[in-house]
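To begin, one chain is listed below as structure tokens, in the form predicted alone.
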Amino acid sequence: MKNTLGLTFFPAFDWYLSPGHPERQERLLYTRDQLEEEGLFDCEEIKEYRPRLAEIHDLQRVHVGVPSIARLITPAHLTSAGGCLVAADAVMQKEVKRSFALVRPPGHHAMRVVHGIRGFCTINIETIMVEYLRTKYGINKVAVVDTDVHHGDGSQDVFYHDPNTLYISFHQDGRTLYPGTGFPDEAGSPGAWGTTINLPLLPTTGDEGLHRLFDGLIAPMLEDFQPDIIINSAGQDNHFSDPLANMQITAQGYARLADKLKADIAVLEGGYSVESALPYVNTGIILAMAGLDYSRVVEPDLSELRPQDVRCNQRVDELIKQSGEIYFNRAKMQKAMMDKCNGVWTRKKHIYYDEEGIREEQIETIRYCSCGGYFTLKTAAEGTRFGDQSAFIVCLPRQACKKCRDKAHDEALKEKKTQKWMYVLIQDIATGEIETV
């Protein structure tokens, strides 16, 4: 294969949250300048692709927007998601061995239900790509390794009931950083327990701790899970110069991680050290993914790198033990939890949209069946751009049997008659159709 790596760029010049916001237009410009300066676009191993617009049904395989996802997004969101789909097509059609979508707006804080913007995210571009891969190419088992410094609470939410997706997130401990979640006991609902793996690292964790964790836990889990495809949710704000966090990873640390992970597709997430980190981290990752020498990639301000706290490796070793037990004993725990819940499992969530001040209360209920079952979401949100909103949502997984589909429709009709909800909606994940009851 002549072209080893496909690159899809979308800097979204016309989209930003506010003047001076960390998620700003020039985030990718310094990276592109660096790649052009290094002559990487002239390498025969690298091929550049143009993004395209995703379709609304691509988004609706993952999201239920209230009142609708179309009213909550901009063309930039469709292009960012579409850039990921282009990256997926390039790999699946064997035009390249791997792909990296360097796109914005980012996505991993966007949950299944969307009322607005949270954590700079409105739609979850990685999860949209996963469902696209399953729909178009029949992909089944997927591993997503989230390397952003913030816990990917949106991706976790989308994959929480899915035993065929192994979602691994390492991040700065949520007690010290937004969104305040991502602890080992958040490991999945009963039928998917142990396929959500959260690895909260202490501030100042550096290359040593990161690779100790990868070698001691992440690599063995991936080897055991045997995914059909590996996706890197490639946040780069673990870098020591990032203004929003307190980690100490270098460009070399990221590049070596990309080399070991060998992700089929990487999708850019966070990273807000626009000049000091992103050009070098992205260059290192691109070289590693393309199978080229990355050993000379060095950022200019290494003098600012702080030593890793001695307690960081202790935390890493604790996580290797604790999360290893969760993952490798998951079948036994799933059986015990399924027996205990007696076919129905419920959780309550309070969700805050930091960009818009929206407060959401949500009750999620999954009803199990031999097919996997279906789940419902009761959501009420205060302070959205459309005023206070409420909805009862039925979510039909792609493998849902006829009996579950009939029960789900009956439940939606019953809730409609109560007149408690502004909207009663049915999401068909297989088709991306949202039915209004």
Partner chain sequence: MLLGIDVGGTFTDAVIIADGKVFAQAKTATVHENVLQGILRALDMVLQGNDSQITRVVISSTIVTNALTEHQLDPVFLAVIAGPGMNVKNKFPVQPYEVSGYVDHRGKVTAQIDWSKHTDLLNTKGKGAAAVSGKFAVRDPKLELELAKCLRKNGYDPVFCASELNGELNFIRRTNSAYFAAATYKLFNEFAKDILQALTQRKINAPVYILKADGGTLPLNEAMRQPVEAVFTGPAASVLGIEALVAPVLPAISLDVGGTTTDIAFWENGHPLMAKHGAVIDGFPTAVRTFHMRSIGIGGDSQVIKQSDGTYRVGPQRIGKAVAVGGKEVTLSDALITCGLVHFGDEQAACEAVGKFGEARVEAEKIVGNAVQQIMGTIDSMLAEWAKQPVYTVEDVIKGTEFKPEVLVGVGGGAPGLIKALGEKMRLPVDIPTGGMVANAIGAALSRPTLSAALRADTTDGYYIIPESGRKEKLPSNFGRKKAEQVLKEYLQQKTAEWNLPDQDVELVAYEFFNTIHGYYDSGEIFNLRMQLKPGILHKLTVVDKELNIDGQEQTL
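Note that this is a predicted model, so its numbers are computed, not measured. Positions refer to the first chain, counted from 1.
Beyond the structure shown, there is the form predicted in complex with the partner chain, which is absent from this document and is the topic of what follows.
Notebook entry, point to check: Among 307-315, 273-281, 167-175, 332-340, which stretch has residues whose heavy atoms lie within 4.5 Å of the partner chain in the predicted complex?
Noted result: Within 4.5 Å of the partner lies stretch 273-281.
Check: With the partner left out here, if you bring back the partner chain in the predicted complex, are F9, Q34 and P75 all within 4.5 Å of it by some heavy atom?
Finding: Per the other structure, all of F9, Q34 and P75 touch the partner chain.
Margin query: Looking at C369, A380, C43, I56 here, can you tell me which has any non-hydrogen atom within 4.5 angstroms of the partner chain in the predicted complex?
Written below: Checked against the cut-off, the match is C43.
Check: For D185, is any heavy atom within 4.5 Å of the partner chain in the predicted complex, or not?
Finding: D185: no contact with the partner chain in the predicted complex.
Note to self: I'd like to know if D293 sits close to the partner chain in the predicted complex, meaning any non-hydrogen atom pair within 4.5 angstroms.
What the structure shows: Residue-level check for D293: yes, a contact with the partner chain.
Margin query: Can you tell me whether T79 touches the partner chain? I mean in the predicted complex, with a 4.5 angstroms heavy atom cut-off.
Written below: Close contact exists here: in the predicted complex, T79 approaches the partner chain to within 4.5 Å, heavy atoms only.
Next item on the list: Please run the contact check for P243 against the partner chain in the predicted complex: heavy atoms, 4.5 angstroms, yes or no?
Entry: Output for P243 is yes: heavy atoms within 4.5 Å of the partner chain.
Next item on the list: Could you list which residues of 50-66 come within 4.5 Å of the partner chain in the predicted complex, counting heavy atoms only?
Entry: In sequence order, R50, P51, L53 come within 4.5 Å of the partner.
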